[in-house]
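Starting off, we have a lone chain in the form predicted alone, written out as structure tokens.
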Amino acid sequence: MAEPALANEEETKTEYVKLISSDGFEFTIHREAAMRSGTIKNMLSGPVQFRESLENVIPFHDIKAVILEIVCRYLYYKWQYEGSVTEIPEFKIDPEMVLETLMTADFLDC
């Protein structure tokens, strides 16, 4: 009987990914949402076994929490509206955060 519980625990473990900002904040998001970033997708499921793919934890030493939070919100937004045939609402970002967010999005390929 212990096997199904263990399998469930492993499924839950890989269902989420933890992203850690440069200032130590942790964001736990669905793996499927995280895979909307090309860079994160390569880290988690590329041909090379990165440590991140084994631990489901990705530290970002150059991304502050305030920007990583916006990125996480965008990954969920992208996941939710991917393939949508209806009008997609605007994704709003504070004007003072736009430049740094765009540079981070470019790095993360999302």
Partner chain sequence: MPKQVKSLVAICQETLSMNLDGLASIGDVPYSLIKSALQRATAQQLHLIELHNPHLVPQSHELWLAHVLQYSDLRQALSEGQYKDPSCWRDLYLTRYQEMEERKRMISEKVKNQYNKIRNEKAARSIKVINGHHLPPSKRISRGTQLHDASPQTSRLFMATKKAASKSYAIYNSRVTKRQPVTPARAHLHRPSPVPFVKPPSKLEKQYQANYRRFGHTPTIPNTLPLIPPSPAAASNCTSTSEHTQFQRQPPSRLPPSPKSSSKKPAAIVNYNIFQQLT
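Quick caveat, the model's predicted, so the values are computed rather than measured. Numbering follows the first chain given and starts at 1.
Here the subject shifts to the form predicted in complex with its partner chain, a form of this protein not shown in this document.
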(message) I need to confirm a contact call. Of K41, R31, K78, K64, which residue comes within 4.5 Å of its partner chain in the predicted bound form, counting heavy atoms only?
(response) K78
(request) Can you work out whether its partner chain is within 4.5 angstroms of a heavy atom in all three of V71, D106 and C110 in the predicted bound form? (result) yes
(request) Could you confirm whether E87 comes within 4.5 Å of its partner chain in the predicted bound form, counting heavy atoms only? (result) yes
(request) Indicate whether E26 is a 4.5 Å heavy atom neighbour of its partner chain in the predicted bound form. (result) no
(request) Find out whether any non-hydrogen atom of T101 is located within 4.5 angstroms of its partner chain in the predicted bound form, and reply yes or no. (result) yes
(message) in the predicted bound form, is there a heavy atom of its partner chain that lies within 4.5 Å of any heavy atom of P47, even though the partner is absent here?
(response) no
